[in-house]
Every structure is written in structure tokens, then in C-alpha cells.
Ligand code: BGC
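Just one chain follows, in the form predicted on its own, and it is written as C-alpha cells.
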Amino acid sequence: MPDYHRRSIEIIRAEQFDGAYAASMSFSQYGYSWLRDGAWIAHGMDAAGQADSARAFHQWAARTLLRYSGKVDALLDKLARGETLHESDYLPTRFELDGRIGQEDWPDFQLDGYGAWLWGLVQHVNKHDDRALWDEACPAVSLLVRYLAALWPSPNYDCWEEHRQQVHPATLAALYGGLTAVRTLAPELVPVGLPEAIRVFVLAHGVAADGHFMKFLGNANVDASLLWLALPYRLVEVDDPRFLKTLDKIEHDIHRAGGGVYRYRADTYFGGGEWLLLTLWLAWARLELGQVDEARRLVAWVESQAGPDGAMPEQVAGHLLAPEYYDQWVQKWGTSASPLLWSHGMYLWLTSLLKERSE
């Protein structure tokens, strides 16, 4: 059996380029760096004692964002003049590994990754008391806070790059978490009351009639990304009744008994498979609720899905929600991503938590 901890570190390092983490170099569409994926890969690497790798990613992200300060200024000027924004006005959701904006058509207006990076940067700075990195990144942080302060209520693509015209509680949770984290280090950068306004909005509009958080406003289904509302962004705590009802509905609707977690019930991407990183997120929630044995079972299931070389895929196809869609995705883009660095990053994070609880 491979040493999954060691292999995860090796795989992540092999696909890090001048700081940027490629989502998956073996998959046709994933040779880019997403700030959301990267923030979690870096967080996992930090947990595994690979601080130099995590720091390099945060430096890359800060450098990359500052390259587009003029783009943010132009967008904010258009808003101030009351002009309509175009899709090309927004910052992208992914970047080329050298920091350029990709030229391919892609669903780019997506905000959750920017909140994720702010949150992840602060965690790294606090873990290592790395004030030099914070000082280096602060201009990019300030730029992003201005961008998010102007756009947070706007409909935008969700974390799966779908539903452009909707507002998503998981996205707003990422913004809340990122802005709240920044405020702990530099309160002057965050407009007074902004995180609280985001939280109030989610609690007022993002809860279904029976008390669980909803996939997007007006859609009472659940999405596995709703786990983010408590972990890590703490818009609510893990024992909040609204989160517990959400967790119960996730278990009932999109967690296969004895197996993994789906993104959402109507998923057709590569047939709608079980995602390793989301299964690890559910393990995290179970661990936080004191259900250690269930957390260990979920982690063991993830390990059982790895390839002979220890590579962990994005999703697995053994129990698809919509198998009739699988072949068309393979014909379009090739087989599903493996290894996916985000899966490995979450594995490093969860195994580090389990180790802490057993010591």
C-alpha cells in the first residue's frame, strides 16, 4: 500500500511551478491555478510541515493579483459611474501558471476563490508568525477587499462554475471567512460592518423553510459546498441548528452510504461521481462533532479510491448519479482528473487533524 501522506506531498510538489499549484496537469482543462484550490492545497501542505511550498503559493497569488490592479480600478470606476459591467471586466477564477489570464472561454466571474485565498493567507501568516509575508501580500489583500466589498451581493458562478445568475451561500461564506480573517490582522482594510452584513444576508435569505441552508437563493436543495459555512469559514458554528439540519440533508441526499459525497443531486459532470475532497470535508464535520470513528471511515474510503501509485482523483465513477452523461464528458475532455491536487491537499489536512485528536 502506498504511503499516501508521502505521495500527496510528492504529487503536489511535482505540480507546483514558481509557487503556482496546477489543479491537475494530467487533465486537459486543469493546467491552471485556481486560488480556491491553491489555498486549500497550501493549507494541507502547511499541515504536513511543507511551509516553504505554502509560502511560495501565497507569494505567487499576491504577485499575480497585483498585476491586475488596473483591472480592478477600472471596474470600480465603471461602477462609480453607474455603467454596466461586462464579463471581461471581472477578475478571473483561474490563472495561467505564469500569472497570465487564460484566453480560453471560461466561466470566470466567481468570487469564492478570492475569499478562500484571503482566509488561507491569514492562516499561514498566523501559523508561522510570518509578518514579512503579510507585509508583502498586503497590497494585494487591500486590492481584493475593495473588489469584494463592491461585488459581494452580485450573482456570480458558484464554486463549480455553474449558475451564473444566482447568489450562493457557500460563496458568501467564503467571503465572510476571508474578510473576517483579514480584519484580525489589519482591521483598517475591511469596511466596518462588511462581514456582518454578509452574514446577516445569508441568514435572512439563504435558509430554506425547514431550516437548512440552500444551494442557492431560491433553490432549497443542498450542495456539499455548504459544509463551508461552518468549516472553515465559521459563518455559523458546526453545532448551529441550521448547519446540523444541512448536514443531515447532505447525508440523506448526497452521501452514498458506505461511500463518498456527491457535489449535488442533479450533478451530471462526468456522470456525477463521488468527490474525494468533499468526502474529506464531511469527515472534518464529523470530527468536529466528536464522531471520530465515522471521520476515520470516510478517510479510509478516500484512501481506497487512490490509484496504485497513490494518486487521488477528483471523483470516482463507481456509483454515478447520471451515468448517461459520462461518455460525453470523456469524449469532450478525456478521462476525469487524476491526480487532483486539491484532493491531496484535503487529505493532508484531514489526516493532520486526525493525528492531533489521537495524540
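Sequential numbering from 1, following the sequence displayed. Bear in mind that the values here come from a model prediction, so they are computed numbers and not experimental data.
Beyond what is shown, the protein has a form predicted in complex with the ligand; the following relates to that form.
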In the predicted complex, the residue from 117, 281, 233, 275 that sits within 4.5 Å of the ligand by heavy atoms: 275
Of 179, 141, 226, 159, the one that lies within 4.5 Å of the ligand in the predicted complex (heavy atoms): 159
In the predicted complex, segment of 261-269, 236-244, 69-77, 193-201 with a heavy atom within 4.5 Å of the ligand: 261-269
The ligand in the predicted complex reached by all of 34, 314 and 340, non-hydrogen atom within 4.5 Å: yes
4.5 Å heavy atom contact, residue 301 to the ligand in the predicted complex: no
Proximity of residue 326 to the ligand in the predicted complex, heavy atoms at 4.5 Å: no
Residue 11 within 4.5 Å of the ligand in the predicted complex, heavy atoms: no
Non-hydrogen atom contact residue 23 with the ligand in the predicted complex at 4.5 angstroms: yes
